[in-house]
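Let's start with one chain on its own, the form predicted on its own, as structure tokens.
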């Protein structure tokens, strides 16, 4: 089936909020074998909403519309839809009952205006499983299936997975099988990767290869659409083997939901190891990155943020003489930070980071972007000096990615040197 997505909200067209819900919905729908031809973002204007909706209905078999179902004055989707489709607004008893259940559960009453705003839906609407009072609903109009969803990401994602995909799949049982695979690479440019994979473009017309820079990584996506799941998966498996053979050491994760942190975590778990960290210029970003991986408590102990010299001395036991002679941003300080983090945590390995993320603070011999990363593990105490390019944010991100990748490379390949090259 061929469809479109319309995301509604002034906060989206003004850039105050990033439209992540449309990308989530598109990815899930595409992977189920359906086709998204257009994603449109429109503000809270009834005329604009009407124009987008009418155009989408003419060209699509289904349309997902997100946002504007709440109780505030700028939530105008229901009114705009009723006007666009020339349908009356009628009270939906299922939504009203959901509101009353919430009143009883929380022990307070909502205003009549609140209840009316949420429960008045276009005639013919069928409510999706409510998740909160701003319930999603669907209706069929001129042969097209229209799905209206809350803009709250958690609510929308639940509706898409549990309600919309089963509905679309039941309507289109002749859809092709789609096999997907994503590789996440670090340390090579998008151009280099593209050139090395040119042969895949001539393999099979059903195989599509995409290249997406997701700083500081490059993601390579493989998509195969076939009449049988076995044939689609065979094409993906063969293409995946080529990518692994060409870029093995640069692949930091495989799978859309996998990450460098989760890959590193599996390596640590398989070896019965736990890691710790000491951070200065990254200010806890490494710890946040690591703990974003589910189950990281099994292999990650702590990250100690020691931003000041005093903190490095008091928390990690860095010698004041080391800082005085060599500076806080130095290989000597980084090594003592790593040793301190490992000693305090009793972890099998530790990472330490100290550097100058900018935009100020650099000097002739230590310009902005100078970062020292140290590893303390086994019988090795390793340290390397880097000069990362970019903004403060980019330097911090490159630092964390490089530190985690260095540890990954050490565990898998025994690499005493990091693999980072300034390719970005």
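Residue numbers count along the first chain shown, from 1. Fair warning: this is a prediction, and the values are worked out from it, not measured in the lab.
Separately, the form predicted in complex with another copy of the chain exists; it is not shown, and the next lines address it.
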Students should find that, of 93, 310, 100, 175, the residue having a non-hydrogen atom no more than 4.5 angstroms from another copy of the chain in the model of the complex is 310
Check each of 205, 142, 72, 170 and return the one that places a heavy atom within 4.5 angstroms of another copy of the chain in the model of the complex.
72
Which of these stretches, 331 to 339, 85 to 93, 313 to 321, 260 to 268, has heavy atoms within 4.5 Å of another copy of the chain in the model of the complex?
313 to 321
Thinking of 161, 232 and 253 as the candidate spot, does another copy of the chain come within 4.5 Å of a heavy atom on all of them in the model of the complex?
no
Residue contact check: residue 414 to another copy of the chain in the model of the complex, 4.5 Å heavy atom
no
Considering non-hydrogen atoms and a 4.5 Å limit, does another copy of the chain approach residue 245 in the model of the complex?
no
Contact between residue 180 and another copy of the chain in the model of the complex at 4.5 Å, heavy atoms?
yes
Find out whether any non-hydrogen atom of residue 59 is located within 4.5 angstroms of another copy of the chain in the model of the complex, and reply yes or no.
yes
Heavy atom within 4.5 Å of another copy of the chain in the model of the complex: which residues of 295 to 316 qualify?
296, 297, 300, 301, 302, 303, 304, 305, 306, 307, 308, 310, 311, 314, 315
